[in-house]
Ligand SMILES: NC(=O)c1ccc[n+]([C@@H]2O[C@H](COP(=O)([O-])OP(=O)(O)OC[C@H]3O[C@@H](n4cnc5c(N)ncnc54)[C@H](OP(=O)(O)O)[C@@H]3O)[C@@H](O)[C@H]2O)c1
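Take a look at this one chain, the form predicted alone, written out in C-alpha cells.
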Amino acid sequence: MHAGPRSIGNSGISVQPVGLGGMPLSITGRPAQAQAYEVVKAFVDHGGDFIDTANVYCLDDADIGHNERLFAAALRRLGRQAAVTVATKGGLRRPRGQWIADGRPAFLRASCEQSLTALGVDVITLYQLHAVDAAVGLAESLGELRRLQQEGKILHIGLSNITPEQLEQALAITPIVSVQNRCSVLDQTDFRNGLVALCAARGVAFIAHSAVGGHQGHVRLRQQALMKALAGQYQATPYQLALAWLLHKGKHILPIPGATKTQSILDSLKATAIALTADEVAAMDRIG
C-alpha cells in the first residue's frame, strides 16, 4: 500500500500520510481547551505533522480564529511549531453561526492578516481559499492570494470545495498545490467526477476532509456489512478501514480526520498499518 509520507503537491513539503482536521475542536460541542491540547499532543507525539485549520472553525463571527489560536498555543506549549505544517483557510464568514462565502480581495487580505496573528507566524505555509464566491469569481479571489504570496505572507496556495473545472481555471492563473474537498468511502463524488485523478495528473495534493463520512457517516460505517466484515478480519475499526481505503486510492491523497478525543486520533493514525488487497479496495469502491 502507499502509506508512506505524502507530498503536498509541488510544494516540496512532505508530511505523514494522515493529518488532523481541526474543525471539531472549535465548533458547537467542542471539548474543553485542556482536552483539545491533549488531542494535539497525542497527534504530534505519535508522528503527526500536518494540521488543517481555518479562521472560521469557531462558533460565529465573534469567535473568528478560535481554532488557529488553539493550535498555535498547543504547538507552542509542545515546542513543535517548526516540526508541524499548519494549513489554514480564508474566504468564509460566520454570521450567527452560518457559513457564508466571501471571496472579496479586501476580505481575503484582512482574513489572512488575522490568521497570521492568530497563528503567531510571519508566513502561512499553505493558505487555502475556503470556497468560491460566485458573486466575486475565482479569478479575482486568486488574484489577491497571489498578491499576498508575492508579499511573502503566504507560501503556497490551495483551494477547497471546488469542481474539476474550477481547478483547471485556477491552474491557468497560478500554481495550486492542494485541493481540499469532502471525500470518503461513503462519498466518492470526486472520484466519479474526475477531480481526484485530475489532481494526480497535475501534481496537486488531494486533502480529504470528512474522511470517515462526517458525523452521520460514523453511524453508516458501523452498520455497513462489508465494513463490519473487514473490521473483524483486520481487527480494526470501520473508521480505520475507511482511512486505509483513501490511502490506497492514491499517493497524492491526504486524509485529515477530525478528533475531539485522544483515542480517536490515535486510532486514525493506525490506519497506515492496514494493507488492504486490491479486491478489498474494489469492493469498498462499490460502497459509495
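All values reported here derive from a predicted model rather than from experimental measurement. Heads up: residue numbers just count along the shown sequence, starting at 1.
From this point on, the text means the form predicted in complex with the named molecule, which you will not see here.
Interface residue among 40, 259, 227, 246 relative to the named molecule in the predicted bound form, by the heavy atom within 4.5 Å criterion: 259. This chain lacks the partner; the member of 196, 108, 212, 74 within 4.5 angstroms of the named molecule in the predicted bound form by a non-hydrogen atom is 212. Shown alone here, residue 264 lies within 4.5 Å of the named molecule in the predicted bound form, counting heavy atoms only. With a 4.5 Å cutoff on heavy atoms, residue 156 does not count as touching the named molecule in the predicted bound form; it lies far away. Remark: residue 147 does not count among the residues lining the named molecule in the predicted bound form, judged by a heavy atom distance of 4.5 Å or less. Contact annotation for residue 239: at least one heavy atom lies within 4.5 Å of the named molecule in the predicted bound form. The stretch from 169 to 177, 213 to 221, 133 to 141, 185 to 193 that comes within 4.5 Å of the named molecule in the predicted bound form, counting heavy atoms only, is 213 to 221. Residues of 8 to 40 that come within 4.5 Å of the named molecule in the predicted bound form, judged by any heavy atom, are 21, 22, 23, 24 in sequence order.
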